[in-house]
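Before any questions on binding or motion, here is one chain by itself as structure tokens, the form predicted alone.
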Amino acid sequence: MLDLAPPLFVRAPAKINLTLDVLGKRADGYHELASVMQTIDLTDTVALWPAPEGEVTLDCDLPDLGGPDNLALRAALAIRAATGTTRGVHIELHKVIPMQGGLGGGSSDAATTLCALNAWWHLGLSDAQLLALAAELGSDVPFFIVGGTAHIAGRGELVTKLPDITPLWLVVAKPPVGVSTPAVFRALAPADYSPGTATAALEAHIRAGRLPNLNDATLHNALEDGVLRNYPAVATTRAALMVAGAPCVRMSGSGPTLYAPFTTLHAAAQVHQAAQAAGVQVWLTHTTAPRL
């Protein structure tokens, strides 16, 4: 029997790490993190279409992402298993967020699918239940259930919603190289660990309603130095953004994607245009509000 729910199109936002502190290595092999994450208006699109009962399928405009390991497909199967529903869905996924870029595209697709199916199928799962399902799918997925501005702890699965940061324009740049997240973490030395000072300081500014100085000291990423050393293309792209006029350029997550924050569209647009003219793959975007 075909499900008669009307089709639903939902946007899945990317994220940046405004800070990323690595506190040390855990006994389970993961690293203990402290981070302030922020969703941005660079989005994939998840479309849900009615399908016969029991049928869960996915098409992606990037064929390499259309297999059984796709996180959006896994999210649909997980929410069905958790609720016992047998309803069917055909998922169409349009990718815009760069793959393996440190922007959380796959995790966002999964969280968006969970939230959308919960509403589309009237399943009634609570925020806490959605967060628990998300944590089983991946470390970054719970953040995207919440969205907006949030403090992240543990291996990334512990999410505390923060007040919205003062809105920022962003120039986001993707260097022409892939970066392996496990390799970046394996390369960390104890000297790269920190007590979480940058994250705590930024959180204090956000809770007080203040916009902190947008500089490299405030927007600290403990993984960035190692990536800049080991991936020259990232260093080259960072230099190009600075030549284009960006006063601060930081890396998101384990990279290689970089971002430059601005308080005005005029300043952001000038850098975006100059970087584009220099051959850098860039997007002009902005921070976004939370999902929950």
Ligand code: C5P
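Note that this is a predicted model, so its numbers are computed, not measured. Quick note: we count residues from 1 along the sequence shown, nothing fancier.
One more form of this protein, predicted together with ligand C5P, exists but is not displayed; see below.
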_Partner absent here, but in the predicted complex, which of 109 to 117, 181 to 189, 166 to 174, 199 to 207 has residues with a heavy atom within 4.5 Å of ligand C5P?_
181 to 189
*Please pick, from S194, S139, T218, T83, the one residue with any non-hydrogen atom lying within 4.5 angstroms of ligand C5P in the predicted complex.*
S139
*One residue of M37, L48, L33, A246 in contact with ligand C5P, assessed in the predicted complex (non-hydrogen atom, 4.5 angstroms)*: L33
*Would P68 count as a contact of ligand C5P in the predicted complex, using a 4.5 angstroms cut-off between non-hydrogen atoms?*
no
*asked:* Whether G29 contacts ligand C5P in the predicted complex should be assessed with a 4.5 Å heavy atom distance threshold; does it?
replied: yes
_Contact with ligand C5P in the predicted complex for R155, defined as at least one heavy atom pair within 4.5 Å: yes or no?_
yes
